[in-house]
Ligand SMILES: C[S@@+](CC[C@H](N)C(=O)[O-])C[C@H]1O[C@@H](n2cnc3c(N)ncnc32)[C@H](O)[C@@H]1O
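Listed next as structure tokens is one chain, alone, in the form predicted on its own.
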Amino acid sequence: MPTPLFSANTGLKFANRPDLSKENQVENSPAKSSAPAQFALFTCQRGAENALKKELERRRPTWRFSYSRPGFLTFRLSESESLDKRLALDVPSLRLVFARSCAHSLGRVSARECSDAAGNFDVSKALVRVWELAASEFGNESRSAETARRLGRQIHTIARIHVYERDQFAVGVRGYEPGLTSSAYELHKRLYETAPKEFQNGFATDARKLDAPAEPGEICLDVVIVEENEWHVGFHRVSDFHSRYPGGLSPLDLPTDATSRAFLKFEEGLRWSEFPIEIDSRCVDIGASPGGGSQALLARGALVLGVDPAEIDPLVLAHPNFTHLRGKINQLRRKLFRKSRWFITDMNVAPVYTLDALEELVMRDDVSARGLLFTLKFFDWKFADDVPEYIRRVKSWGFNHVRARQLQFNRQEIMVAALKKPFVK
């Protein structure tokens, strides 16, 4: 039976959380400046915080780390940017692997600003405060709106509200899977219902639904539930698959006939990579057992060769488009793969072994791979430091479009998508 979301005293209630210490909480004193400080908000898989911090040190060395909780970090920008520039800054443009979502801060809502007479967090006051923060940047009387009117430009409006929690546990702990929570749905409902008229007029037609995918170019108001009595408010413009959903959390469910979690992993990876795999595309699933990744390909009408010395689930074996090649990839004749163009793999080995196996395969003259989609396992987080080198190595094989990301359904690993574009058969 679900936990009730509201009580008479504090309003929102949350699922049981681990007792988290404040050891990772850091706040830097803002430097003196005439302009208000600007911050970027990031969510990530719980445990990947240091990997994300190191990435941002490389990508934006002038940004200053400001604050963190497990699965959530903020950074102070080095200088004030215009609204348009901030709207253009997102996870893909920053080329970040370990960020699940990126938003630009409007402010924080906590018991410090929103408490009742007894000093408890007042949800009603917090809802009002969220819309006050939104109005500071997107209201009809905001400076950005005045500037747009003066220059004859279109005024930016918020199309929908994205509410999401930071990860409550590490992926897999107690069966935990990142996703939209009942608390996020309930808070979204309250925010939607209390939105001022000026914002309601700009909402998308399906903005009432939290999990409805946003359209490219839409501006979303982000409300990140960091603690029961602490919300961080920001905004982002939709630019890619993950930014269409609150916190980059796509509403994918494991089908009842799926043989393993690999289905979710590769279904998300195929949507993110936008590989043009369709009916009769020839694919190879290396390390296919028990067949979850192959199922994601078969669902698109692909012809799949599943390579694995282990057993394949009978449901997958019975599919007319699936062929089981029993053995290890290095034991099979390469002519079996001459017509194959797409290769996926999810091998439970260290990154260098996965890369060695793929390189030996795709560098042969008699194999013509158009795209690769594969995981790299991080049995130790130190492997995260080598991601740039892994990407350079894959590019050296002739793949000119290479991206990496820690997906929602990845565990302590990343997904790499490598594509040859244009591809000449």
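Note that residue numbering begins at 1 and tracks the sequence as displayed. This is a predicted model, so every value here is computed, not measured.
Below, we turn to the form predicted together with the named molecule, even though it does not appear here.
**Q** Check, residue by residue, if V130, Y185 and R208 all come within 4.5 Å of the named molecule in the model of the complex, counting heavy atoms only.
**A** Spot residues vs the named molecule: no contact at all.
**Q** Even though the named molecule is not shown here, does V349 get within 4.5 Å of it in the model of the complex, heavy atoms only?
**A** Yes, V349 sits close enough to the named molecule in the model of the complex that at least one of its heavy atoms falls within 4.5 Å.
**Q** Is E137 close enough to touch the named molecule in the model of the complex, meaning at least one heavy atom pair within 4.5 Å?
**A** Result no; E137 lies far from the named molecule in the model of the complex.
**Q** Is there a non-hydrogen atom of S260 within 4.5 angstroms of a non-hydrogen atom of the named molecule in the model of the complex?
**A** The answer is yes: S260 has a heavy atom within 4.5 Å of the named molecule.
**Q** Would you classify A118 as touching the named molecule in the model of the complex, given a 4.5 Å non-hydrogen atom cut-off?
**A** A118: no, not in contact with the named molecule in the model of the complex.
**Q** Heavy atom within 4.5 Å of the named molecule in the model of the complex: which of L77, C114, A214, I329 fits that? Just give me the one.
**A** Spelling it out, the residue with a heavy atom inside the cut-off is I329.
**Q** Work out which of P246, P178, G291, G71 lies within 4.5 Å of the named molecule in the model of the complex, going by heavy atoms.
**A** Checked against the cut-off, the match is G291.
**Q** Okay, which stretch from 260-268, 167-175, 234-242, 84-92 lines the named molecule in the model of the complex, with non-hydrogen atoms inside 4.5 Å?
**A** Of the stretches listed, the one contacting the partner is 260-268.
**Q** Quick one: name the residues from 353-379 with any non-hydrogen atom within 4.5 angstroms of the named molecule in the model of the complex.
**A** Residues within 4.5 Å: Y353, K377.
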